[in-house]
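First, one chain by itself: the form predicted on its own, in structure tokens.
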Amino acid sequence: MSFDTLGLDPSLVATLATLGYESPSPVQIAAIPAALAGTDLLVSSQTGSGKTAAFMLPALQRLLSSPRPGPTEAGTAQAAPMRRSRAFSPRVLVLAPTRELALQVQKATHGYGQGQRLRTACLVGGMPYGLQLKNISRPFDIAIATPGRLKDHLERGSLALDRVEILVLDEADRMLDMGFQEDIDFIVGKIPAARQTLLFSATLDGVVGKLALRVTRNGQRIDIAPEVKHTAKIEQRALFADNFAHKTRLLDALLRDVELRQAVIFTATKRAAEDLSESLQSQGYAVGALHGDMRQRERNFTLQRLRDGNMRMLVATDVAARGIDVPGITHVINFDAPRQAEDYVHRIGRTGRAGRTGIAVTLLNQDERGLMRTIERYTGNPIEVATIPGLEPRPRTERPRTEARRPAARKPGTSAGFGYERRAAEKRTPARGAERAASFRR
């Protein structure tokens, strides 16, 4: 099947050809004709399945086929005062969970819309308000935003939503997991009811299903089977740790692996990412942190250092799992196990890029065995339980009921203390650490 069979305008099909798009993906085949027909959609589809084109191509066709309408006599009740203050409204609104995803959607939109006189605005946190205010101070067609920043703009009165014709909720499950439910409800309340809503999510169950009922009208459900990528070229292993001190010693041994060129180390929280990054840096590693509290300029600088090979390790939260494409990453280490199986897939997908092989190691507590089984069921692939000689976990019967936990947050100006237990108890040399890492590889 080709794109010209989906009902798209010939100019869009021609643009896709210049971009190297040869045939539509399953989600595009199912969603594009339905979206072009004006139907509300509930689409279960994974990241990387081509969903951005599935919702943006129909939106661009809507803009291409009908000019911007003139002013309405009265928009929504909430938007009326905004209109008097000359606030402009987009015709298409895309909500995304993170600024990285929002920027990716904007970049893709510019590619698909080549030749169209379209104006977009990307409204995300961590970037200056000034440029965003400039972009929405005159008529624009498409807004791509994170819920929190868009709500800020709405409360400031800097834009309106009374002319939105198409609302897209991209990775709706992710937005709800991040606590954006109230912001989404606030935003949807500012949009005309006579709109088309396209909701994309990895799952349509639970709270996502309840959200879908609130924001769509007779939505057509489309379920696309997940495709797990890269697993054939990624060696997946799990190491069990008795406690936090044991986990840090395992990480220390992994980082001494002579085959490790570049690694992404995932933590559960921003503070943990900062602490671990600072600790590794104090030990002489070329390392940086990446998390949601950083400014976009800082994120871009950190990622560029990684791409240029000036950084050997990146300690990151899940905000980085969807936007890093660095072929030189040989290892992904889950210092904190992901809470969702889908996050695990995104994390390990940072290695094994461009046809290379990679290694993904997850450090687990003994009470996280169920999580490992959930991941195995989701991916359809077993995870090898490995050990590092000399750092094997104790049998369950030998462990006391109360184990050492992650240290409390340290005070500013104090040393992070990563690995101090190893140095005090064993005083291992780098050579012995490398020897253990080599045994682990074997």
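Quick note: we count residues from 1 along the sequence shown, nothing fancier. Bear in mind that the values here come from a model prediction, so they are computed numbers and not experimental data.
One more form of this protein, predicted together with adenosine monophosphate, exists but is not displayed; see below.
With respect to adenosine monophosphate in the model of the complex, the three residues Phe3, Gly50 and Arg353 uniformly fall within 4.5 angstroms at the level of their nearest heavy atom. The partner is absent here; in the model of the complex, the one residue of Glu259, Asp367, Asp325, Asp308 having a heavy atom within 4.5 Å of adenosine monophosphate is Asp325. At the 4.5 Å threshold, heavy atoms of Thr18 stay clear of adenosine monophosphate in the model of the complex, well away from it.
Interface residues of 247-283, taken as those with a heavy atom within 4.5 Å of adenosine monophosphate in the model of the complex (partner not displayed), are absent.
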